[in-house]
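Encoded as structure tokens, the following chain is the form predicted on its own, with no partner shown.
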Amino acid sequence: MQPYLAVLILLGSLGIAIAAVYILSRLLAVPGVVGVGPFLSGGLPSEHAVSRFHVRWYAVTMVFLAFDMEMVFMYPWALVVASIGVKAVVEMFLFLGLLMVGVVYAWREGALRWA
């Protein structure tokens, strides 16, 4: 039980901090319109919060996620490429080539066309 004592203390402290912030927010809240509406930099919302998006945004989201995953894999690769050598460079270019095939496919299918 000794090794887990620090983790239990940390989790307990975290729970107490979350409860304190929640209780303080309830005690110090000013009732009114400002606290009820959504935060849009002072502007009123023009549509419902659960409105539907156009289907083309999903393709853009997929392309963004592909490049986001590329960065997730490239950061640790950049840290160890010097110690691994040529094998790491070849593997990264294969990975980038695979991503490029996906981008070219999306481009040819018209996923990146806005009109």
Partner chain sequence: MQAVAFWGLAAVAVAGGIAVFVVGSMARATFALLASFLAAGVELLLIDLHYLGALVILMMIMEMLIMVVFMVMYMMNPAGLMPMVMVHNNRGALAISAGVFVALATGILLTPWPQRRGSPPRDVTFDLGQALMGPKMLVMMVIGVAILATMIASVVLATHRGRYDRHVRFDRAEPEPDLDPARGPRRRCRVTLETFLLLAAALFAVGLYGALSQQSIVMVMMGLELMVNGVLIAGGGFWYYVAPGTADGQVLVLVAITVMALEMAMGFAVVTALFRARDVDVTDDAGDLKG
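C-alpha atoms forming the largest set that superposes within 1.5 Å between two forms make up the rigid core. Numbering follows the first chain given and starts at 1. Everything quoted here is computed from the prediction, not taken from an experiment.
Keep in mind that the form predicted together with its partner chain is not shown, yet the notes after this line are about it.
Taking the partner from the other structure, its partner chain in the model of the complex has a heavy atom within 4.5 Å of a heavy atom of Leu98. Contact annotation for Ile16: none of its heavy atoms lies within 4.5 Å of its partner chain in the model of the complex. Contacts with its partner chain in the model of the complex, taken as any heavy atom within 4.5 Å, map within 79-111 to Leu79, Val80, Ser83, Ile84, Lys87, Ala88, Glu91, Met92, Leu94, Phe95, Leu98, Leu99, Val101, Gly102, Val103, Tyr105, Ala106, Glu109, Gly110, Ala111. If you fit the rigid core between this form and the one not shown, you'll see the Cα of Arg56 move by 2 angstroms or more.
Fitting the two forms on the rigid core leaves the C-alpha of Val103 displaced by under 2 angstroms between this form and the one not shown. Remark: with the core as the superposition reference, the CA shift of Leu11 between this form and the one not shown reaches 2 Å or more.
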